[in-house]
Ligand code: GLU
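Have a look below at one chain only, the form predicted alone, in structure tokens format.
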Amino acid sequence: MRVRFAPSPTGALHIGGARTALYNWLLARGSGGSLVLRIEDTDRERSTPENVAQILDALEWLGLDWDEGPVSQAERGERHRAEIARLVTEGHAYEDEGAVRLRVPDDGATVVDDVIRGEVRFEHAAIDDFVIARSDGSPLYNLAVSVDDRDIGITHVVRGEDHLSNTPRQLMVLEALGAEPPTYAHLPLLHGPDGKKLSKRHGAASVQELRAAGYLPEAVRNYLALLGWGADATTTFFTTEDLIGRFSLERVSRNPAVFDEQKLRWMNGRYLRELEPAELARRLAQLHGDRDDLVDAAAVAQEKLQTLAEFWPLAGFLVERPREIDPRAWQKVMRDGALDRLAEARAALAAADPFDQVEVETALRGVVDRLGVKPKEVFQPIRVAIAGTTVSPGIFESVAALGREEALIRIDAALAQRP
């Protein structure tokens, strides 16, 4: 099996393109075949080196390697023009006001035998002779793609449903070239949860945006694989090795698939919780810049994280002292005797020995029992004092991770703000 991923470098690699790349990669890896990366850059105004670099960067982050390429379609222009001239010479095409058109039969139909959709019939009466070269001799998409697929030996073309209308034209070009056509499979479109075509309003639209939002590539691969495919009716989590072994076009649905970023967040959280703290810290360092003080904080925050980007707002206080306490948090929590309770907690923490999570919890629950108050009336003032806000990982784990000296310094600073 020889498949290809052939993006146009006119912008970032979007979610739908990433799924197409993944499916082709899974087919190649599962069959022992080859994946060719072809950059369809014949639109010279919109195709830029920066956009090509974005595509390569996205594929590399996703862990989708390729066996051949990247091949520039624009650099194959001479090959395309030679085939256009041959089609004219052999009578399959003709010049029309400088452009070149392929002859479409008046009768009959071209039938696309699609692996996913079955037979799709396109009546020739509804298709005009179509342009395969501009008046300046440059080839158009359907000609260039057909020549390239034939020359590269592509056996299966797996791409989005939006390309289905191009397929009968490409089949006609291939027939005129005397080439054996590949097998076609057109993937269902991606919709948002509202049933409308996927767009930026539904959340992250590109692979780079997913990375910046703190998703893990292995979670993204797992989730994208399920957008139109399933090994069975119940299995949700797949290792990459499982996907390679079990993926097949025959189990791809023809119905639109729904990209729901909330489901991706849930799945990503599961993947995050399965990482070793040291590995989670390494991933966090990739997103937040190189630093070696994240392991303890990562372990404390791990159970509450759904994305890597959530770490800093949630647990950044464990590695960097907050510049100030959020005034809204102070107003909400530090009232009705809260500072007196904080002073009691401070004394209990100062005496805790050893200063670990177990002893911290024992000390603070002792304050709750002695004062006869609700736990949050003791815990929330501590949280605001050490984190600067009302949100943090578990209070006992957080205090212990800070250490006695730093925890007491922050509590003292809060107590010093007593009116």
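The first residue of the sequence shown is number 1, and the count goes up from there. Model, not experiment: these values are computed from the prediction.
The form predicted together with this ligand exists for this protein as well; it is not shown, and the discussion that follows is about that form.
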Identify, from the list R159, R221, H80, R169, the residue with a heavy atom within 4.5 Å of this ligand in the predicted complex. R159
Tell me, out of H124, R283, H163, R103, which residue has a non-hydrogen atom within 4.5 angstroms of this ligand in the predicted complex. H163
Using a 4.5 Å heavy atom cut-off, which of 138 to 146, 83 to 91, 237 to 245, 109 to 117 contacts this ligand in the predicted complex? 138 to 146
Determine whether any heavy atom of E40 comes within 4.5 Å of a heavy atom of this ligand in the predicted complex, and answer yes or no. yes
Residue contact check: A6 to this ligand in the predicted complex, 4.5 Å heavy atom: yes
